[in-house]
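Next up: a single chain in structure tokens, the form predicted on its own.
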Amino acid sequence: MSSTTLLSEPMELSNKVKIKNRIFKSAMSEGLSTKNHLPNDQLLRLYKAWAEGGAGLVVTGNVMVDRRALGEPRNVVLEDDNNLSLFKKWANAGTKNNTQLWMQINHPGKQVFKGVVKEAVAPSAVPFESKLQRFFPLCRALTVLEIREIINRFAQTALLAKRAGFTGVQIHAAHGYLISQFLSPIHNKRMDEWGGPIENRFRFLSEIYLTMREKVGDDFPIGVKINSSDFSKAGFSEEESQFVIEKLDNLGVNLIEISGGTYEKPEMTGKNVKASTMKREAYFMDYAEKLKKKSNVPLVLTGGFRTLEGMEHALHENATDMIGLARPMAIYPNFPNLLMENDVPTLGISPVKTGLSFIDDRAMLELTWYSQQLERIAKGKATKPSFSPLLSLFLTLAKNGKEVFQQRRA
């Protein structure tokens, strides 16, 4: 147990919120809702497994604030209290074993695939680069009234999550979704109070947080997931990210999760990561260390952690306050318990490759492969770490056709 001293140490976000250890199950899109975008027994079983697996804090896959704005066909949506009893069952399953369960709340903006929704909206009518745009409908710019409506929807979803029994919420402001689009000078070309300098581009996120805080009160935890940068020329930069996080700290945000990239520059998946960074395991550790020198807000670092030594080192060096895990927990839902027992399996998590370049270069099968692992857990089955990528491809095509590779998210 001595080697896991820091990882097993409790963390207090406030006098009323205590997390039992430093392991944070980061959000992964499950795609397991009912056709009406509601929680079901599969989601309950999946989150019960993660709660019993030992993580201190578990974050759900993105829950959308509007059924007219879906990132993928089986997103969960929480916009009213008509089926709140189902969300209460989900919260009850995910808070077992003294586990914190936070709902990740999101709006996809223009990152909505063709055929999933009727239209795409964004801060400005700026298309994606041509090789990506063919998968998305052309977007239109939001009106000011629509911006205000979406802000209120975020706050309403947070209130409903609290009423359902979730112990906190996370605002998804990363990975090129709507809030990330507002923060980006590439995607936000507005000339009003919502665009221009970073102070204005930050306004959408700050208004969401402040309106949410009014609804849920001071004691209910609110976290934010945000990019260290977009890794795009003239995009959302590290300096702008630091500015936003310092502002969020001043506003009272409880926990910041650091990620990076968008679906145009998918650094959050480990793509294009330098060998020196891989050696340190965490993809965004250099940025987190810089941030720690400027801000006191509690941080979660997600992406790349694979060994107990790497996690302990990051905590010991004060690069992060919590260790974010995603893909390891798609294969080993009890991975935190194994860490605490110092019985960590060898995580040979390598890119899922079929050998077919036209599939592998798009990296979409990898997302589907992990989704298949989540589905196995949700059905009460054991995961298959050695599951054949070619068999995964065959089963995916047999079940969904080739269109599935246009409708999956990280």
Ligand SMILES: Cc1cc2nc3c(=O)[nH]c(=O)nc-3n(C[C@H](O)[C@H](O)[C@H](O)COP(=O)(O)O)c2cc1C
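Quick note: we count residues from 1 along the sequence shown, nothing fancier. All figures in this text were calculated on a predicted structure; none of them were measured in a lab.
Omitted here: the form predicted together with the named molecule. The next part is about that form.
Using a 4.5 Å cut-off to the named molecule in the model of the complex, not one of 49, 95 and 332 places a heavy atom inside that distance.
Shown without its partner, this chain lists 308, 186, 340, 326 as candidates; in the model of the complex, only 326 has a non-hydrogen atom within 4.5 angstroms of the named molecule. Site annotation in the model of the complex: the residue of 32, 69, 27, 377 reaching within 4.5 Å of the named molecule with a heavy atom is 27. Shown alone here, residue 111 lies farther than 4.5 Å from the named molecule in the model of the complex, counting heavy atoms only. Shown alone here, residue 283 lies within 4.5 Å of the named molecule in the model of the complex, counting heavy atoms only.
When contacts are judged by a 4.5 Å heavy atom cut-off, residue 302 counts as touching the named molecule in the model of the complex. The named molecule is not shown here, and in the model of the complex it never comes within 4.5 Å of any heavy atom of residue 157. Here the chain stands alone, but in the model of the complex its contact with the named molecule, taken as any heavy atom within 4.5 Å, falls in 167 to 175 among 167 to 175, 146 to 154, 119 to 127, 198 to 206. If you take 47 to 67 and check each residue for a heavy atom within 4.5 Å of the named molecule in the model of the complex, you get 61, 62, in sequence order.
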